[in-house]
Structures are given as C-alpha cells and as structure tokens.
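Just one chain is shown here, as structure tokens, and it is the form predicted alone.
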C-alpha cells in the first residue's frame, strides 16, 4: 500500500462509525451484517452494517405511530429548533461526512462535501418552513357559521432512498416530514450504509420523542417491500428505479397510503447551431459524466444540430478524454469509480448493446485500471444513434452519452419529447425565441437554458413527468402537499375557537 492510500485510511481510523439500526430511540443490532467496501479501493473495508428484518420494520412503524401525537404536539418552535440544529451540524461537518460519503459511494471529494453541505441546507430551509405553516379563515355561504382550514401531518412516513445521493436525497425527504409533524421510518440503500448512519446519528441526538425517527437498513426484498406495504404506514416517498417504483406502488395500493415517487430519466440536451460551442461542450460533459453519470438528471441524449455535429463531437471526445478518472479521495479526481461491481458489469453490457444496435463508439467503453483496485470506467460517447435505439430509450445510470443528429430545432424538440420519461431537459442556444419556445414546449419537470441538465436548487420544487415521477413534487414549499393533509372546520356562531 503506497503512502497516499495509507494516509487516506488513517484519516478514518479514529472516526467512530455506527453500524446498527436505530429504532424507537435505541441503536439495535440486526439479524446479520453485510460488509461495505470502497468502490475506489476494494481493499478498504468501511465497516460491517446491520441488516434488519420484517420484525424490525414492524417495531419501527409501531414506534413511529406511538410518537406521532407527541411530535405533532411539540409545536412549531421545537420542530424548527431540531431541524435547524441538524442542518447546522451537517454544514459544519461537511468535510468530514463528505469524505466518508465519497469513500463509500465513489463521487469525488468536492462533490461529497458539497452534497453534505446541501443536505444541511435542506434541513435549515425546512426548519423555517415549520414556522411558516398557516391556515385560512373563510366566510361560510350560510349565515352564522365560520370556517377555517389547517394543515396536519400525513402520519407515519416511510422513506426509501437510493445510493447515488445517500445524504442529500434522504435530507430532502426527512426534513419536510419532520417539519410538518410526521414521524419517519427510513430505509436507505444497502450500498451506502455508512452515509445513512452518519446522518441518522445526527438526527438521533436531537430532542425528538423516541420513535419519531427510525432507521432500518436491509435488503429491498425483506425490509423495503415490507415497509412499503405496511398497514401502519400512511405515506411512502421513494426515489429509485422504475421497476422498483412499480413494485412499491402495487404494495401501497392495498393500504391506500399516499405515494410520491421519483424514478428514471432519459434527459435530453439540445445543442443548437447558434450556441456557444465551447460552453455547450463544457456543460454537456458536466451533465453526462459528472457523478460518473449516476444521476437521475444526467444528460444521456445529446441532440445536436447536424451543421455543428462533427465539431461538437470532436470537442466532446477531447473533453471526455481529458477528465481525470481516479480514487474518489485523490487530489485532482474529476470522475470517481462506478458504485459497485454489479453496476460496472451492467454498464459494460450497455456498451455491447449499443454497438450491437448500430451505435458508433467514439471513445471510452472500457474498464480502467488504476493504482487501487476499484470499479473505474472511461467516460463513453456513442455517435450515429437514433432515438429508437435501446441506449436512447432506457435509463443506463452510467458515464455514457449518445449523440443524435437533428436537422432543425423543431426536429430536435420532437426527438427530445419522444420519451416515456420527462425529468430534466436542456438547450444550448443564443436565440431568445428558441429558449422561450423550448421552455414552453419541452415536456419535462425541469428545463435548463444554457446550463447542464444536472444541478437544481434546494428551495424550489423538483420532479418530472411520465415515468420519471408520480405524485406531488418534492422540495420547496410544494413539499407541503405530500407531507400534510388539510382539515376543514365549521363553527357555528357563539362557539369559542
């Protein structure tokens, strides 16, 4: 082991990492444990983490149910204070927890730190939302009667989150759930348990009733499925694949739990003939390969005006080749490893499917060897593709992007909209008319003009259309629609309110 790698390991030698589930205010061992290794260096064992069972889910839901009236009665000031403390600690410890996140998930260190800091911003923003809740007083159509409407918590909220943003995605679900008086049972992804317990450890130290927040790690088949279909759960919020989302939707149906899901994507970026080509290349490379392409907002379809296609392709190949792929914690790394051996194998299968379908591999497409044994992959570009090819119809979740030629803006827009997904979409153009038309006519939840498709703010709604999303929007003030229910009260004259 070289000195640089030893220093990376020594940095974490004294960091205490909790490895158990958190249920009803107590850390609890599971039925067994799984080993967690860094995708940047498979010799680096981060820890062994508890795996819950169905009985743990039952206990967590029961605890959340018991804590619900206590947490709602605690009032807005206490909820504000708890969330503000969580958010402040996350931001203060962004370097420490971000390094753990990067070590575990594989994104470069700067991105790991940024994700944790942003998670803190979610908590502090929703801390303020806890104070901003308000009702409405309405005159009745009948004399002598007054009406008011108010919001109350949805109840026990099951939260199921993915591995690609193991702190930020849970934060934008847990924060509003607690802010609006709900209680939580959280099942994180099994690939990133260390990040989950780091966040849970901060929440566990707050002034919460036992059971208001619960963490149950485990497999999707045993823990996730049981939680999604649990009769004691009032609402389920999920981020992950379309396949798993369909299963969760089926399980929630029998209990009539409210459901919110963010699922797959196949995001287009239009490169128009009037754009700043250097800026377009920079933003396309960022959107396609940032986070190793493991983002639901990644641009995997680059729809390029034919008149600039060759220039754009040549420059993008150069940009992809210049990206430094390496250990997530190494200085200068721009692209970290793929999250797991299974994900890397799936990515390489996509390369073969693309070539078999007639796509032209311009660059990349192979596993890379680095000083440490890990799951490194070269940024990959396919050319000569059509929108009917598998590589342009299905989400790959990989550092792979495809060039599609279009002869006009109208054709490019039609191609962009020809997808069952609709999360984000972008356009690179200097034309105000095209940008305005694109914003009005692109069928996606988020539209970017002269920006990467990846990268959204924490204080505004996020979500998509089609197969990308189901239910109310996440984030921003609109989160209140999912995490609360409205009560309308009628009061006859003379009765104190």
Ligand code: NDP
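Numbering follows the first chain given and starts at 1. Here the structure is a predicted model, which means the values were calculated and not measured.
One more form of this protein should be noted, the form predicted in complex with this ligand, which is absent from this view; the next part is about it.
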Legend entry - Contact at 49, 104 and 214 by this ligand in the predicted complex, all three, heavy atom at most 4.5 Å: no
Legend entry - residue 164, heavy atom within 4.5 angstroms of this ligand in the predicted complex: yes
Legend entry - 4.5 angstroms heavy atom contact with this ligand in the predicted complex for residue 239: yes
Inset, instruction - Mark residue 289 yes when one of its heavy atoms lies within 4.5 Å of a heavy atom of this ligand in the predicted complex, and no otherwise. - result: no
Legend entry - Contact of residue 397 with this ligand in the predicted complex (heavy atom, 4.5 Å): yes
Inset, instruction - May I ask you to choose, among 170, 426, 218, 108, the residue with a heavy atom within 4.5 Å of this ligand in the predicted complex? - result: 218
Legend entry - in the predicted complex, the residue from 235, 313, 285, 244 that sits within 4.5 Å of this ligand by heavy atoms: 244
Legend entry - Segment assignment from 220 to 228, 329 to 337, 201 to 209, 125 to 133: heavy atom within 4.5 Å of this ligand in the predicted complex: 220 to 228
Legend entry - Partner contacts for 177 to 205, taking this ligand in the predicted complex and a 4.5 Å heavy atom cut-off: 187, 188, 189, 190
